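Given as structure tokens, the chain that follows is alone and in the form predicted alone.
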């Protein structure tokens, strides 16, 4: 797997709330079996040691299936577990500094909700953009809104892939089909699904239909 041919079509962002570690890890593995192509481990409230220990367990699963693991925000954790990359927001480490720390071989994703942010991220070394929230979302209530026309504008303004995020469900995902995005980034659609494997499979079918 090289970072130039990453499949971003079903991009899972994790949410461990109200789950045991075993339940959490099982959801990740089942979703990968169904077609999840990228996993971003997002832990806002964990201690460094807790995050590190969990990241090692997730990395063991993703490596088994040759799926890239990206760590949200925490470059130190990403380097400590040798994940495939990191994803940072506009309020995190500047993208060019993040790139200089992780090197050229690791994946760098950057959140962008405007054309200007997307262009700057690309210039600073991002490999892909996460853009949203394209729909209202309960997992990130302070997220900027990115309507469909703006999403298309962002996609067209850069030469790196754009992944749509924010409130994406099996019901509304088809509305994004003609936007030019590289994939659906989802949290609840998989993490809260009764059958994470089936949810992942259906998202993949929608994307490639």
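As the structure is a prediction and not an experimental result, all values here were calculated from the model. Positions refer to the first chain, counted from 1.
Keep in mind the form predicted together with a further copy of the same chain is missing from the figure; the text below concerns it.
- Shown here without its partner, the chain carries 49, 73 and 93, all of which come within 4.5 Å of a further copy of the same chain in the predicted bound form through at least one heavy atom.
- Taking the partner from the other structure, a further copy of the same chain in the predicted bound form has no heavy atom within 4.5 Å of any heavy atom of residue 115.
- Looking at 164-186, no residue comes within 4.5 Å of a further copy of the same chain in the predicted bound form, counting any heavy atom.
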